[in-house]
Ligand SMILES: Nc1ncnc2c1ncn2[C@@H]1O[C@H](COP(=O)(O)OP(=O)(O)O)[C@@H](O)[C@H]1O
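Only one chain is shown below, in structure tokens, and it's the form predicted alone.
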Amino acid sequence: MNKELNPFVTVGYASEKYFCDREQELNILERCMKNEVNVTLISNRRLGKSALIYRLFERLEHENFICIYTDIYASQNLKDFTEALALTIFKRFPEKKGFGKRFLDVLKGFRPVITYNVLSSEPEIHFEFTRSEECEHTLRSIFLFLDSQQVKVVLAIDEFQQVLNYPETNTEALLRTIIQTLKNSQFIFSGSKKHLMLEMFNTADRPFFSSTQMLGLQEIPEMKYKQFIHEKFEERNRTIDDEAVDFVLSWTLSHTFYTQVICNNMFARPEKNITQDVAKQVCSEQLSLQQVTYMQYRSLLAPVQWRLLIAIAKEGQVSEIQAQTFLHKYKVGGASSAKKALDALLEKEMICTIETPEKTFFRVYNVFLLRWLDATF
């Protein structure tokens, strides 16, 4: 790893050195994978699910596990799912050695069309299925191939709730039927739409009911994050004031992605010591950069949705959306129109839910958008 890498990574996963905490979650995941317990991992977007999975893979691969991560967010049907899984394995292992060669031999039996993107040089895989049974057979064969290896396999499927949108209404049942026959494979089903993931795994008449250990990912504890931030500056002979760190963690709500972005930008500054004033300037600059994008939301949302979004941002978080005092204070409109606007904003992922033992709160999903709305209106 290049020692000059900005230690606050904002895209992908770098290494353990740039990974903050999550020890409890890592230990749970590792214990489950080693003891043949599948896991459902749920959190809001950009909270670090993928990085956590890759950190787990680092641990497991030291013990000769085969670890595979596939993101199905862009998939629209079972064929896309099958192609995404096949492509992940194809890219993950060299095709002329061991595991990769064996997989390519299996893949050739399904006559895939393998091409390379002219811009990125990345491989692409497509299957020409004429019947749905061919797709199901191919998918089953890929899973069985993975399971037939002489080592344990861990497969993480990210944004798993996407299968609910497939036109093949039997997808859940098909996957559950295949998975429950496997002997050497463990699964992490990861998703960011909490209500859909909980419905899939907690509803008695659904195929995946009670088949996994549930694990919810929350924000990293402030003290852990604070220590991490100080350490990364000190490793490069720089400092950051406690007040600056406290301000950033409060301003970003300790949400991993937004905290990393601000810390990345602070680290890129020329100052040897980062003060609270510098931190505030970095945050202000970030909102200025996003303003053009955020202004467009006004024309994309219905007026009542826009007013409700601003109202929630101004409050920080709201539990009683239909309360008259709240609706009157921000001129949102009637309770029924507010409820429809709330449902629309949830569907658009403009707001999210925050659950506590006492109440469920609603908050603007994008923390930068939340701060911009609060400061602008």
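All residue numbers are counted from 1 along the displayed sequence. Everything numeric here is computed off the predicted structure, so don't read it as measured data.
In what follows, reference is made to the form predicted in complex with the named molecule, a form of this protein that is not presented.
Not displayed here, the named molecule is approached by L47 to within 4.5 Å at the level of heavy atoms in the model of the complex.
In the model of the complex, no heavy atom of Q162 sits within 4.5 Å of the named molecule.
The named molecule is not drawn, but in the model of the complex it has no heavy atom within 4.5 Å of P357. The closest non-hydrogen atom of I220 lies within 4.5 Å of the named molecule in the model of the complex. Of the candidates F267, F257, W306, F90, F257 is the one whose heavy atoms come within 4.5 Å of the named molecule in the model of the complex; the others do not. The candidate spot formed by S75, A84 and F143 lies out of contact with the named molecule in the model of the complex, as no residue has a heavy atom within 4.5 Å of it. You can rule out all but one of 306-314, 339-347, 323-331, 49-57: in the model of the complex, only 49-57 has residues with a heavy atom within 4.5 Å of the named molecule. Residues in 103-126 all lack a heavy atom within 4.5 Å of the named molecule in the model of the complex.
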